[in-house]
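Let's start with one chain on its own, the form predicted alone, as structure tokens.
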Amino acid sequence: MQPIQDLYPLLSTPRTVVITMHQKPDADAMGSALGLYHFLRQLGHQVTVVSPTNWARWLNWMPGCNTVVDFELHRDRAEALLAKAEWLFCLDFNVLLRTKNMAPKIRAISNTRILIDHHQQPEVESFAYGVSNTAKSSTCEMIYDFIMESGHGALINNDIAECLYAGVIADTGSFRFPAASAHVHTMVSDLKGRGLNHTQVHENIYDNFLENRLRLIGHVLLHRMEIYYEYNTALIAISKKDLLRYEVKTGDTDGLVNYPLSIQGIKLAALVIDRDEERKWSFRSKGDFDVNTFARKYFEGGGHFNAAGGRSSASLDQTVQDFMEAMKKSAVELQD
């Protein structure tokens, strides 16, 4: 994989471009994709964003979100766009498998794949150009760097600023996580200086849900959260029955895994959701407990040191038991 800087001189030649991200894109994935989309269009490129799956309705406010193609919903169109693309930007994921059913198509087509991501252990052999930097707060921060370092900072308009700021506040937990570096605050200061209305973006991200989500949160915190103080761990397990009862849609469970971390002494918070095809895990930690390694070792996942995800094909009850065993095996690290 050649360094991303080698791509900068090539930006002046218009090309047909597709931008994609991981399945079930969050604010950072969608924000970075649309921020890059608005930037490349100003340089004369023909650009389309293709999402591997659907996304949360509360992301629809983002400028350009109405143009995003859902691969699963419009497969023929998406495959035609991928086949035609000269460049394929891959944002906010480290391995092609994170594009779900798009992965075989991406591997089969011959175009220039470009990685911009901040997750650990990237599949570098699958990309012609790229940058992988786990020290970065978000892929949105990396898109800001891409624009600035390529010499096109003057092109950052309000649409780009809103998209990038959304991803930054989401992935830094509104600037409370360790990854909210001095550079992140410098970036935000720059965006504010360009006219960014940060309050409106924050409301679009955090005050844009339906009533059922709040009732779901109350239900799971009261009835589905277990605390294991001897291991400084909290677990939330959401059944398929819960999903149906509260009419849960994509994005409604985002952020739930963070709630137990507010409990004094808790180092590891885990959330498992009983999806139709598999059980999806989310892990968050405080301090020196590495959930990236934990997820990779026990749940076919990975991510960041303090935030990771995983999966299991076992039943909900069985994967919960598997978690209990993994927790006990990690007792020394959790009890420190």
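Every value quoted in this text rests on a predicted model; they were computed, and no experiment measured them. Residue numbers run from 1 along the displayed sequence.
We do not show the form predicted in complex with a small molecule, though everything after this point is about it.
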Option from 92-100, 186-194, 231-239, 140-148 whose residues, in the predicted complex, bring a heavy atom within 4.5 Å of the small molecule: 92-100
Heavy atom within 4.5 Å of the small molecule in the predicted complex: which of 69, 43, 56, 307? 307
I'd like to know whether residue 280 contacts the small molecule in the predicted complex, with contact meaning heavy atoms within 4.5 angstroms. yes
Please run the contact check for residue 38 against the small molecule in the predicted complex: heavy atoms, 4.5 angstroms, yes or no? no
Give a yes/no on whether residue 52 approaches the small molecule to within 4.5 Å in the predicted complex, heavy atoms considered. no
Determine whether any heavy atom of residue 267 comes within 4.5 Å of a heavy atom of the small molecule in the predicted complex, and answer yes or no. no
